[in-house]
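Only one chain comes next, encoded as structure tokens, the form predicted alone.
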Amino acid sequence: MKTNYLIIANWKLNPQTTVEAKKIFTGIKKVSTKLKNVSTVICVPYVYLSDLKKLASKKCILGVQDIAVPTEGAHTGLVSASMVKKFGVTYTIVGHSEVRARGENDATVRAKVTTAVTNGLVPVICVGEQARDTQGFFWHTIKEQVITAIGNLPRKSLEQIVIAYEPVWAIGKDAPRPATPAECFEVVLFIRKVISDIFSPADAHNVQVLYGGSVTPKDALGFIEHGGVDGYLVGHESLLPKHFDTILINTENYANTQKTKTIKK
């Protein structure tokens, strides 16, 4: 039973001022630094890296929402892995559904994963289906996303990656319904099976798999208890420190409960 969890905040194109960014980050840090079983990563817009670097800690880690494949050169508007590392960044989201919707393909995601690993960053690789067809073709989509993203990595690099499952059809206000922990559990098992087929069962077990489908304080714990995940990738709720802190605390409490059960056995 795993008792160490990873919770990642994705602020997206928010907030609008440095003052707000510092306030939210500080609010989360007050809780995250007290947790023993949960590591917190906050992926922020590039413009706030300089100011938030001063506030980051080992338990409240700084991350970014994307990186470029090129490391330098004539690439207007791009930001490289080496650039963000100078600000203490250790995690980067890669292949988020919103970036894929703007035209990013699996091959580009693979290149970004390689760039991240090469530069000592942990890529949080987002995979997930746009819709759930009754024929089950969505399983092929997820499989191809995972294989393309990590299939060419050396085994030792698996210690340096995270996979986040995004059921795109269940995200946002217009989603027909939320995904269930049972549905998540099936996908997590499938992802681990794909990794196992490429590498080994032990490698598959060691890769952290997160849930990233509109996580809220109300439903988050269910995905830890019954969804088979090692944490969450949280969007909107991560901009609300009280909400995000509730997710952190509930996860910490659950981890402590699992440790107690293990000791009693």
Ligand code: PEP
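Since we're looking at a predicted model, the values are computed, not measured. In case it trips you up, residue 1 is the first one in the sequence shown, and so on.
Although not depicted, the form predicted in complex with the ligand is the subject of the following passage.
Proximity to the ligand in the model of the complex, defined as a heavy atom within 4.5 Å, singles out one entry of 120, 154, 136, 172, which is 172. Contact between residue 235 and the ligand in the model of the complex is found at the 4.5 Å heavy atom cutoff. Among residues of the shown chain, residue 112 is not one whose heavy atoms approach the ligand to within 4.5 Å in the model of the complex. In the model of the complex, the ligand sits within 4.5 Å of a heavy atom of residue 98.
The closest non-hydrogen atom of residue 212 lies within 4.5 Å of the ligand in the model of the complex. Contact with the ligand in the model of the complex, judged as any non-hydrogen atom within 4.5 angstroms, is confined among 141-149, 75-83, 99-107, 163-171 to 163-171. Heavy atoms closer than or equal to 4.5 Å to the ligand in the model of the complex belong, across 7-37, to the residues 10, 12, ordered by sequence position.
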